[in-house]
Structure formats: C-alpha cells, structure tokens
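One chain comes next, on its own, written as structure tokens: the form predicted alone.
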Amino acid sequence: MAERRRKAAELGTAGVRPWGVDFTPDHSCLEAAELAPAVPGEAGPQVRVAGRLLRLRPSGGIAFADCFDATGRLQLMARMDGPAPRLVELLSGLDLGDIVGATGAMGRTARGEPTLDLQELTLLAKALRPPAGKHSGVVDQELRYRRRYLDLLSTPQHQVAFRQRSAILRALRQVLDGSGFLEVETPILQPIPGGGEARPFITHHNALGTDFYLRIALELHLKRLLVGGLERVYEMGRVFRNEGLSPRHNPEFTLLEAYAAYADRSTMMALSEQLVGAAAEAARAIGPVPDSTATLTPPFRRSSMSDLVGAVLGTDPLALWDRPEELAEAGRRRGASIPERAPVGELFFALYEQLVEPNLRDPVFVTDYPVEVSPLARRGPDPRFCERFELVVEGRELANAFSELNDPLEQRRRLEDQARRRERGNLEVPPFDEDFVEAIEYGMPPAGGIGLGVDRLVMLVLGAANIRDVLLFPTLRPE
C-alpha cells in the first residue's frame, strides 16, 4: 500500500489525477473484442472501453494489459512504434486493480488475440490495495463472505450465481404480473409482528416514544388489502427473524407472499409450480445449473401428511388420534422426541417434522396440516385438518400455502388461543392483533395465499449448500 500511495502522489505531481476523472465508454470489452478484424495486423474501428487491470505484461518497447469489465476481458497494447509511444511507460507503471479508460483502434495480434491498440489511456481510479491472488482468488470462505467485493473481483465467475439470482427474481415477478397480481409494499416497522411464529427484532421510534418490530412475515397486511378490494396482490421483500445462524438460516431473508381472492389451495399449487419452473428456466438461461434441477419440472407429487406419517409408523395415525399416548409411543419407537402435554395436532406435526420431512427429496406437496399448527388456514372437510400445503424439496420447506381463513369469529378464537400460548412463555407466538381481526370483520373474500422462501429457491436451483453462497452480504459475527 505504501508503494501504491507513492505512485499516486507521483502521478499527481506529474499532472495525472489518480481519482475523480470522468470517462464514458462506448463499448463493453466483449463488444469491442467482437469488432476486431479477422486478419492480424489490420486496423479495425475506434472504440472506448473502461475496466480494471488484472494482468500487466510490460516487455521493453511494448506493454500488454488485460482489462476486465462486467462482460469479460479485453487485451490492451501500448507500443513504442505505435500511435502513442508515451503510453508504454504509463501502462507499465500502473498496478493490478487500477481502473482505466482506454481509447484506440481494435486489431488482432499475430496469435489471433483481439487487442485494443492504445491511442489514449486515462487513469480513472488508483487502487491502493492489491486484488486477491490472480490465480487462486479469495480462498478463505469466511473472507469471501465478509469481503464479497474481493471475491467478485478476484473470481469473476462467482458473479454468475448472483446474476442468476437476479434473473430468478425477475422471473418470479413476470409470472405474478402476467397472472394479474399487483406488486405492493407493506410496512417493515410494525407495532405487532404477525403472520408467523418467530422472535422479532425490536427497535425504538424516538418521536413516537414506542417500540416497533421488524416484520417477520408479510401476510396480515396483504390480507388487509384483500379486504380493501385489491383482489390479487403480492410482495417480495426482506423479512427479519431474530434466530440463530445456520447453512439454511439468515436473520434477514427474502420472502415472496401472494394472495388471490376467490382462489384456494389448489390454485396456489398450480401457481407454485409455475414459479419454481420459471425460476429454474431463468437461471439456466444465465449459466450452468446442477442436473438435479430436472426434478423441478412440474407436476409435483401430492401426498397428505397423515399418509406420510403412517408410512413411517407402519400404522394409521388417524386411528390413534383419540389415543395420543399410543401415537406418541409409536413415534418414540422410531426415535422421535415428543413434546410433553402437547395437543394431539402438535404431536402429529412433531412426528412429521422429525420422521418424514428430512427424508423428502424430490418435490412433493405435503397437504392437510393439523389446525393447531395452522392458525390462519381454513378447515378442510375433516375438521382436524386445514386446507394447507407445504412444498418440500431436499428435506426443506420451500413454500407454504393455504386456503385462507376468512371467518372472523373463528380467526379471533384461534388468535386468542395463540395469545394464551404466548402468556405461557412461548415468545415466538405473536401478540393478539386486534386491528387484523377488525379488518376481516368487514368481510374478506375467500382466498388462496402462498409464501415462498426466495433464498431457499435460489439455493435449490443453483445447488448451493449454504445460504451465504446466494446472499451478497450475509449476516456474520462482528470481527
């Protein structure tokens, strides 16, 4: 760094500004390379490109450099017998990582390399720190996450995953926009965090003198919009849960939720298949994806939770519904940890989560969840269960959807039951939201709704084992 600072000072003394210079390229590096004449030695068109120097090869009366921009690499050449001999010294004196603007004629070397024959070279930004190793890039995984810019700079192919992520987000929006959904924005700061069970982050509003919470879900505000007459709405944005870190969990993550009036669970199944299929196709158009994404081609298998649990237990769990001790003992014999004094629906769900879900590999719609674990979903024909499904792939939940509960009396009872659980010490259960219940008392149309974890979808499509590999700036412990 001391040597680079010295060079910057010398450049300033010589009248070359190391920073703060304007330059407008008229071609990308890839576009310029495609304009190189086919025959070595012929002069091609004039171009202006800008990028970062990541290789320098001075050699006597000639100097070569590799200039990189977002599209790729272009070789620059300055020569003593060329149009601007003084540029040989300037180019040779620059450092790896410096950002330059280059003007000249496109040509091709005797080896066939597209090359810009320099006529002007403008230093746009002097790099005071060297880039990471030009061959190995950033090797340390934690450093890759903490200094993502170094990772992207030293290993440009790592940019592909984030370009694929961006393409996936565009594809999700295109599916929803094409289906008549309206994209909306709802509050991140909320007086009551609802729509899920998780510990929220708490912050304080000084002017109002009250605490607010960072949202843990999008659901309750989007349903208010259904009441207001916006019949198809969605939001894709950050939500926040004050939980631990793991390869599958980041405290802030991207969630997509969509709600459609006069729809139901089956409508949301079809929509989720569209969304997942579009995501895989969009990523494939940008770069390679694992062969396993072939399994993401709809239609997906459907199976009820009771059938899946029964296959593991070797007995019909519904036959034991009124004998929860026997159901719990059947689960213990297969290694399940059973919560004490839990309602039978919670017991049933615990058996599914421990014995079934981790072993579901190919996409499957798991249907018919117990009412006790589905406070916002409509009851099904069997009143013990709700019209709910989760799309499970590779042992993890990817999407969660309901036929939405629009009975305000039943909704009030269920949220009151939740509030009592909170009073008994379960701080992940949200407080009672009177304003939400009041909203649906005005009349909410029958509706279907879905929540889809965007980060997990990107992980699945790209074959990433760690959520930090698909987040540009994941949450890490402070250094």
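Since we're looking at a predicted model, the values are computed, not measured. Note that residue numbering begins at 1 and tracks the sequence as displayed.
Absent from the display: the form predicted together with the RNA. The rest refers to it.
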Taking the RNA in the predicted bound form as the reference, which of 335, 383, 299, 130 has a non-hydrogen atom within 4.5 Å? 130
The unique member of 403, 250, 272, 367 whose heavy atoms fall within 4.5 Å of the RNA in the predicted bound form: 250
Counting only non-hydrogen atoms, choose the one of 290 to 298, 323 to 331, 79 to 87, 375 to 383 that falls within 4.5 Å of the RNA in the predicted bound form. 79 to 87
Contact check in the predicted bound form: 61, 243 and 468 versus the RNA, with a cutoff of 4.5 Å between any heavy atoms. Do all three pass? yes
Check residue 281 for me: does it contact the RNA in the predicted bound form (non-hydrogen atoms, 4.5 angstroms)? no
Please check if residue 476 has a heavy atom lying within 4.5 Å of any heavy atom of the RNA in the predicted bound form. yes
Partner contact for residue 141 in the predicted bound form: the RNA, 4.5 angstroms, heavy atom: yes
Heavy atom to heavy atom, is residue 417 within 4.5 Å of the RNA in the predicted bound form? no
